[in-house]
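Only one chain is given next, in structure tokens, and it is the form predicted alone.
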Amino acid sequence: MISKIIDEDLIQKTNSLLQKCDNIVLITHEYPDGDGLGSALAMYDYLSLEGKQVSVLLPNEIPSFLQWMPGADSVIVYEQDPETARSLLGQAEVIIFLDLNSMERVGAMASFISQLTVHTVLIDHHNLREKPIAHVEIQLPQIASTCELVFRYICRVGAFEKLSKDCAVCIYTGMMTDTGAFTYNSQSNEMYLIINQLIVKGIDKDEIYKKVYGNYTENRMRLMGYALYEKMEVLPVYQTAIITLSREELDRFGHQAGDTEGLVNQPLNISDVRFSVFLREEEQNEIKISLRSEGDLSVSKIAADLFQGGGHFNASGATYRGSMQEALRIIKEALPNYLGTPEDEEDN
């Protein structure tokens, strides 16, 4: 039995709004991952079957290892076609934000959206923010993925029988990728009840795993090897590993969107590492920061404290406006505050 964790009032408000509106735009965050794209495409499939006119807008391109996903060929990328994206936004009766908790995460679209008078809905599983960004917000940080929330919503409005195999594939992809193939944030027994229902719908979970994790280009594999061999710094006293990649280094390996996905998780395979940091230079003076941890170390707190970022307890991120050297300095100087040293443990 899957519990009704989403408040009934939120289900009814969202369903009522979507039922009376025909033109709906779905938006997820910059640098879309499996959960962001999966939740948007799952809602796209469901709402299309409900007879709605639906569009999916992304701030930037889909990573190559996710381009196989059902419905991905219908996505409009704002960076590539801003005129079409703005036209669709201007016609929208409802905008649904998926897998984000801040308007900053929709990139260049944010300023245009802020000028619109339109109904908005948020479906998300990141940490709550004081200031809401939508009229109706379904936001539960205790749930491991936004795709799981989308599944729960579809079931709660009585549409499970209508849920297609394509929709199920998108939901499973998001659930899988946002838990590192069910290696973290994945202890909920209800998660596996949901997976069972997705299998009933016809998904091949082994095939999905291969498409996501066995779909490297040669350049991506070489970049990963270079990052781990040449650029990974291990700080044993803090049980920490740090990887940095400059724009020049990324370009050297023909970097494409998504090529560094999952890289931050790799150092956690080292037996004495419990905190992993990955800094990627997106452009000059813009550093993308990914943080991962094991056990009781909250990287969402670290991301918030140091860079006004956020995310989940063991998986978080942020953007730093400044140089790579400065971002690295901030992190290293803060390590004693969060990880202490072996001497500290002996004192206790």
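Just so you know, these numbers come straight off a predicted model, no measurement behind them. One-based numbering along the sequence shown.
Form predicted together with a small molecule: not shown, discussed below.
S.K.: Looking at 285-293, 52-60, 66-74, 38-46, which stretch has residues with any non-hydrogen atom within 4.5 Å of the small molecule in the model of the complex?
M.R.: Residues of 285-293 come within 4.5 Å of the partner.
S.K.: Note which of 274, 220, 152, 126 lies within 4.5 Å of the small molecule in the model of the complex, where distance is taken over heavy atoms; exactly one does.
M.R.: Filtering the options by heavy-atom distance leaves 126.
S.K.: Any of the heavy atoms of residue 298 lying within 4.5 Å of the small molecule in the model of the complex?
M.R.: Close contact is absent here: in the model of the complex, residue 298 is far from the small molecule, nothing within 4.5 Å, heavy atoms only.
S.K.: Can residue 315 be called a contact residue for the small molecule in the model of the complex at 4.5 Å between heavy atoms?
M.R.: Residue 315: contacts the small molecule in the model of the complex.
S.K.: Taking the small molecule as it sits in the model of the complex, is residue 105 in contact with it (heavy atom to heavy atom, 4.5 Å or less)?
M.R.: Output for residue 105 is yes: heavy atoms within 4.5 Å of the small molecule.
S.K.: Taking the shortest heavy atom distance, is residue 319 within 4.5 Å of the small molecule in the model of the complex?
M.R.: Residue 319: contacts the small molecule in the model of the complex.
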